[in-house]
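The chain below stands alone and is given in structure tokens; this is the form predicted alone.
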Amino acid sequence: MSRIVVFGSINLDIIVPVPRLPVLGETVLGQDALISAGGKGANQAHAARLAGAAVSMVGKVGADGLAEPALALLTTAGVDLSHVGVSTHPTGCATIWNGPDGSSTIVVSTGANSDLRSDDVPDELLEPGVILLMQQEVSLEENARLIARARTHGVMTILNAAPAIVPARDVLECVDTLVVNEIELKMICKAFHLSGNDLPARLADALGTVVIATYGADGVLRTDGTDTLHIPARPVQVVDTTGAGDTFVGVYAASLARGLAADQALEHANAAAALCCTRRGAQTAQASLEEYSAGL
């Protein structure tokens, strides 16, 4: 089994269900808040571990009271945290408003995540066969440096281009798999002057990489520019979409690490993300391999 190394953010989430989003200057009364471990990097590491992979997390937290609860579920799940450092900045924190339809509006305070450097990943973690998983709640420049290092070490790289920021094209050309949602896909294609009805295939062809595009209720698509696979979404009663995308990415990477073919990995990731949407929170909503694979 391959090991997964996650280079990314660690946050503490404060999630408040609201009847509607407030307008400027308005106060809206919400329901009971859920305080939960989060951060895109940590969410994906937790999902990958629950999916049966060996996972090392590389990140930063602050020397404050938020650090322990932010790392609690990773610790319980058995994620290797020996490469999580302590920053002079506070632990990252996200405030999340959940609408009645399960949609989320999120504001992230980067905090300690801004101190994460590519050099925090030691060479011994970048062995051939390792899968390196990254997102964009940390410095894009540090992501770029780590992607270049990984390439020289023969490490597979998966970049989730979330939140929606356009990386440099030469960086994306060095990534093995790019995972985007519909907003991120359109933003990147516009920046690279790509248009048409089949944007994932056009982007994959332009970059020479695999593109996975997630479309929520319209399912997920994987393409290398020539061959395309579409998997429909699983019908569920949506409660909270907060961690669904991170769950998808983490489970997809874990499924590859466990030796599954790409189409099987997509099925597993799709099922896990759908189940995540039926529960509140990010890591608290993620299911084990036994749970999400029961209906496959």
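Note that the structure is a prediction, hence the values are computed from the model and not measured. Just count from 1 along the sequence shown to find any residue number.
Although it is not shown, the form predicted together with alpha-D-ribofuranose (RIB) is what the next lines describe.
Contact annotation for residue 46: none of its heavy atoms lies within 4.5 Å of alpha-D-ribofuranose (RIB) in the model of the complex. At the 4.5 Å threshold, heavy atoms of residue 108 reach alpha-D-ribofuranose (RIB) in the model of the complex. Mapping the unseen interface onto this chain, residue 250 falls outside it, with no heavy atom inside 4.5 Å of alpha-D-ribofuranose (RIB) in the model of the complex. Mapping the unseen interface onto this chain, residue 184 falls outside it, with no heavy atom inside 4.5 Å of alpha-D-ribofuranose (RIB) in the model of the complex. Proximity to alpha-D-ribofuranose (RIB) in the model of the complex, taken as heavy atoms within 4.5 Å, picks out 94 to 102 from the listed stretches 142 to 150, 176 to 184, 94 to 102, 197 to 205. Heavy atoms closer than or equal to 4.5 Å to alpha-D-ribofuranose (RIB) in the model of the complex belong, across 162 to 201, to no residue whatsoever.
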